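Starting off, we have a lone chain in the form predicted alone, written out as structure tokens.
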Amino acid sequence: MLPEPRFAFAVWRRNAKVFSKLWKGALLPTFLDPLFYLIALGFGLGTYIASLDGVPYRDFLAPGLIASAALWAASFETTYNVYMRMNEDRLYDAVLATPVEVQDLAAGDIIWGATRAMVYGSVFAIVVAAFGLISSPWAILIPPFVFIGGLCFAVIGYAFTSLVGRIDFYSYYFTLGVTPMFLFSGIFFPFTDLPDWVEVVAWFSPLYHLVEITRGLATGPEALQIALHACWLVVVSLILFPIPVRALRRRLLA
């Protein structure tokens, strides 16, 4: 069953209202992480690396960190935050006592996760632009594409949360899932001089596609490539969405 837009929006709006009261404390930690990477690697290591693929290293690195900011924001929102609302606060029991159905709840939470990813990615994009590391006017399109990438990250995180029973398992999710994705999706180095199979493996990482989008928009896009990467993210999000819906229905309505 498809989600009802007005009910999904009600869930999204509730999350947005909570965030509007907590944004100062919530935004800073996730924002600082990519900033430290930018300063340490872009302006530190970057002084020893002239360029990669003909692009100055800091210009190569910065757009990828915009994508990583979205990854961390959506991942934390749809793991720890959702777990707390579902298991500790028992908020979902109250929500499902209203006309809101499980698919509406899942859609609202996932879209909120993507919105939060867009906020974090957009703020970091402004910082990157302030450092002079964006050379293309097409970078103005980064926020909506970050939303699309955030949607995919949010669906994956939400699916994991709907399937696990204990908060302890998130250490596996971040250590074996999010961190390898962060390190091996083309943020820090290109795949041009590596074996062909490396890029094939990376191609299955959602972050790889968002990195290619943000880097393309920041340095001058190839429209067809941007569209293909965005379509991959949308298709994967749609394919995975039924998984958390079915898992939550069994878990919350049993």
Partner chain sequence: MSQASASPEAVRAVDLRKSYGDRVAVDGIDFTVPTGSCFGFLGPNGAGKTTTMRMIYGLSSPGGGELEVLGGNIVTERRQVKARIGVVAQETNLDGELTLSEGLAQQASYFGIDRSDAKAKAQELLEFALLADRADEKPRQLSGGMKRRLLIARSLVADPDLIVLDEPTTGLDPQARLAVWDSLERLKQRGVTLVITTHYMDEAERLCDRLVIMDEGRIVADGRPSELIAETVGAEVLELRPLPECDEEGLIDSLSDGSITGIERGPATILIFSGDAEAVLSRHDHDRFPLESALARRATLEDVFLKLTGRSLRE
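Residue numbers count along the first chain shown, from 1. Fair warning: this is a prediction, and the values are worked out from it, not measured in the lab.
Quick note: we don't show the form predicted in complex with its partner chain, though the next part is all about it.
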Open item on the list: With the distance limit set at 4.5 angstroms and only heavy atoms considered, check whether 140, 222 and 238 all reach its partner chain in the predicted complex.
Closed with: no
Open item on the list: Tell me which stretch of 171-179, 119-127, 91-99, 150-158 has a heavy atom within 4.5 angstroms of its partner chain in the predicted complex.
Closed with: 91-99
Open item on the list: residue 246 versus its partner chain, in the predicted complex: is there a non-hydrogen atom within 4.5 Å?
Closed with: no
Task: residue 18, heavy atom within 4.5 angstroms of its partner chain in the predicted complex - done: yes
Task: Touches its partner chain in the predicted complex: residue 115 (any heavy atom, 4.5 Å) - done: no
Open item on the list: Please tell me whether any heavy atom belonging to residue 230 falls inside 4.5 Å of a heavy atom of its partner chain, as the geometry stands in the predicted complex.
Closed with: no
